[in-house]
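Consider the single chain below, provided in structure tokens and representing the form predicted alone.
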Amino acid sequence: MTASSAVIRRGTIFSIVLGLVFLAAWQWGPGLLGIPSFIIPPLSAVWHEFWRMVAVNGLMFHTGITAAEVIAGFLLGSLLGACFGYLLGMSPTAEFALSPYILGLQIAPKVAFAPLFILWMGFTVYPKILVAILIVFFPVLVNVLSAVRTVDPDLINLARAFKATRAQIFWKIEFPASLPPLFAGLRIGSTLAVVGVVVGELVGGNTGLGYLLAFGEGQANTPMVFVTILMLTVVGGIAYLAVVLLENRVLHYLPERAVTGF
């Protein structure tokens, strides 16, 4: 057994044990501490509420709606962030001209845009996707821009000495160098996309997990709120895992620890 396999095995065992301890504490801890079930419901109550929501509230349907919005917002936000990152990184003039406006857009609270988008587009999926795009956009842009900025200038000068075109410099030097930071931004964006979609669904919507979250809050149904939060965690976790798997496939030439670590 290699050292890497031993580390993975020990980490997996520790993670499983920690998860079992957490679940046991969730089931019996609130009762032992005298915490009412309407504040922290035991795991069994949340489990029963999960199956009730599947049968009565269409939990899987709402989860699918939220997941589709997360995917759309993440892909579009990542694409726009990467494109603008490469543009600003390769053109100091464009960076100087556009940076104040991009920074202003980032500073403005994203929650404040959700009601505006709903006024413009109504109670459709588009406001939720737009909020997700805004939240995902900036981390990807910053990572790509920083990566392009920090490319070794000696490599670029060497390529120019060999008569390389601007496109060749980008595809052979700048783009490969930017991939690790790009995927770091995508990891962040995959989780932030869930936040953006939920914000949009909470502000206005009649579908999605954000809607169920608001509905459970209005009914003072704490187990329903817990179930919705867990489903949102699952959606975000799957999105993050997809990015990690793609990163492992694309950056297979990097050391394993650098690729698979958080």
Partner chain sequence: MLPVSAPGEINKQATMSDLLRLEYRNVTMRFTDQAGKSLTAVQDVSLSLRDGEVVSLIGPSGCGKSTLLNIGSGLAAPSEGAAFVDGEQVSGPNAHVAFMLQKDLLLPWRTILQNVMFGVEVQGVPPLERESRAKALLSSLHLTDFASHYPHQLSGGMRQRVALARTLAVDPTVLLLDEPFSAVDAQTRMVLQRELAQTLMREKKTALLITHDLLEAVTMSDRVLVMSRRPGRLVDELRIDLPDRHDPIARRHHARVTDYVNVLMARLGIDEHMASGAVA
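All figures in this text were calculated on a predicted structure; none of them were measured in a lab. Numbering follows the first chain given and starts at 1.
The same protein also has a form predicted in complex with the partner chain, omitted here; what follows describes it.
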| item | value |
| --- | --- |
| Partner contact for R149 in the model of the complex: the partner chain, 4.5 angstroms, heavy atom | no |
| 4.5 Å heavy atom contact, R166 to the partner chain in the model of the complex | no |
| Close approach of R10 to the partner chain in the model of the complex, 4.5 Å, heavy atom | no |
| Partner contact for A177 in the model of the complex: the partner chain, 4.5 angstroms, heavy atom | yes |
| Listed range touching the partner chain, judged in the model of the complex by heavy atoms within 4.5 Å, from 121-129, 101-109, 76-84, 169-177 | 169-177 |
| One residue of M90, A159, V142, A72 in contact with the partner chain, assessed in the model of the complex (non-hydrogen atom, 4.5 angstroms) | A159 |
